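Single chain ahead, written as structure tokens, the form predicted alone.
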Amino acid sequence: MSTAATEPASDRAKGDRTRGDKGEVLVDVQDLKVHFPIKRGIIFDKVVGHVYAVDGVDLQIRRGETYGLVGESGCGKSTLGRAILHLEESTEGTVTFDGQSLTDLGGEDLRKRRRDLQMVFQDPMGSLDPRQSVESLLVEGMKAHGIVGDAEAAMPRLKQLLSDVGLPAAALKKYPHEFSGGQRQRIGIARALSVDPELIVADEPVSALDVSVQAQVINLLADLQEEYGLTYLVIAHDLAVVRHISDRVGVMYLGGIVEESDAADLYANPLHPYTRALLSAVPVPDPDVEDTREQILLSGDLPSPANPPSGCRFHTRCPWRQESRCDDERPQLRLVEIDGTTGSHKVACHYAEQIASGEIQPHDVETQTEDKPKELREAEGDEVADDIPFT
């Protein structure tokens, strides 16, 4: 790369702004909740329930690290990422970025702060305006934040951005439809980098790409992190992707984080029953290991976020469920001390220690059906019998 590419990002685009010490907390999320109202009515809408997409999340992301957020579809990962960036309005809780509360910001103050907070979207084609050239897409944000005055002044920076993401300078005059999926995602990454942010939220950055291209994009993100001094929140359902790129991993289930640890420790010593089930579903390319390792098959469907179970959200599908506490007391994410784990391993399970020691053994799970309120079932389009008893 050229000399300009190897200079600190602050010297290239951020002027006299400086980044803090690596390892300090950059993003601090406390009891964050995002509840979407379910409305029903013809003339006047009536709120008949809520979708508890994010329901009480505590999360810290350190400067310079990659935090991986993993979980099955519908668990609230993307909503959490968007709420951290203030793209979704939070119902309760706070998001603090670099010592400043984002929850209290609005208008021009929030617009200025967005320079430090950027997002790489899942669908590279859907996130790029098909009517704008690559040059226009990249210059737009730079002009909005006062980094450059016009496209001509931005040209050296634009060429360097494309070089950094592995695209030729000739791509500036082309339009999104002229590129492959992997190239479009590189353009999306370049657009996020154009304003030189500190935090990038990558929402399923490779799930829409061919397997042969995924590794290239993941390695590109890692290289750019080192070069630009970035902090990442990577949201994915592919456990292999999260393991490869993340320093720490949080596992999310039905609106809450159920386990958090260093990536190596979490994959070597999963403690929460849900995490163990997720990892047991990942195939191992060794027939001897595959035939002998623990395999956990979860019964039942993922409960509706509009009607989450009481107590532990996972208790309706948990093979280690106990009669006491699991059904009526929601566990908090807490540090645990278990042999073989690091001191930073957190888990939201009442019986994590007993499960790890073998004191509590797994059992068959009886499939449970959801008992939704009549108004909620009507709002979701289910058939509802009249309240008058049949005679």
Partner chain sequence: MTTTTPETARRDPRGAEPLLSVRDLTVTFKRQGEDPFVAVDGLSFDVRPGQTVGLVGESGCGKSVTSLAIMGLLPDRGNTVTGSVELDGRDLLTLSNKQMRDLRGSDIGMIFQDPLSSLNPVVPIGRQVTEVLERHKGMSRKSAKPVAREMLHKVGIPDPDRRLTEYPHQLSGGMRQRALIAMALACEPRMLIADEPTTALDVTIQAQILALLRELVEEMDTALIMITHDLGVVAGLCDEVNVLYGGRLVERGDRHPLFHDPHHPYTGGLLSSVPSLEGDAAERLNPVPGSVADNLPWTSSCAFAPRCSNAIERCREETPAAVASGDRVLRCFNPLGGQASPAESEEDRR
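Residue numbers count along the first chain shown, from 1. All values derive from a computational prediction rather than experimental measurement. Each form is matched to the other, and the largest set of C-alpha atoms that superpose within 1.5 Å is called the rigid core.
We do not show the form predicted together with its partner chain, though everything after this point is about it.
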Its partner chain in the model of the complex: contacting segment from 150 to 158, 95 to 103, 254 to 262, 295 to 303, heavy atom within 4.5 Å: 295 to 303
Within 4.5 Å of its partner chain in the model of the complex, do Ser180, Asn219 and Val241 each have at least one heavy atom? yes
Taking any heavy atom pair closer than or equal to 4.5 Å as contact, tell me whether Tyr228 reaches its partner chain in the model of the complex. no
Would Leu199 show up as a contact with its partner chain in the model of the complex if we use heavy atoms at 4.5 Å? no
Contact test in the model of the complex: His363 vs its partner chain, heavy atoms, 4.5 Å: yes
Classify Thr91 as contacting or not contacting its partner chain in the model of the complex by the rule of any non-hydrogen atom within 4.5 angstroms, answering yes or no. no
Neighbours of its partner chain in the model of the complex among 206 to 220 [non-hydrogen atom within 4.5 angstroms]: Asp210, Val211, Ser212, Val213, Gln214, Ala215, Gln216, Ile218, Asn219
Once the core is superposed between the shown form and the other one, does Ala240 show a C-alpha displacement of at least 2 Å? no
Superposing on the rigid core, is the CA of Gly99 displaced by 2 Å or more between the shown form and the other one? no
Indicate whether Pro283 shows a C-alpha shift of 2 Å or more between the shown form and the other one, with the rigid core used for the fit. yes
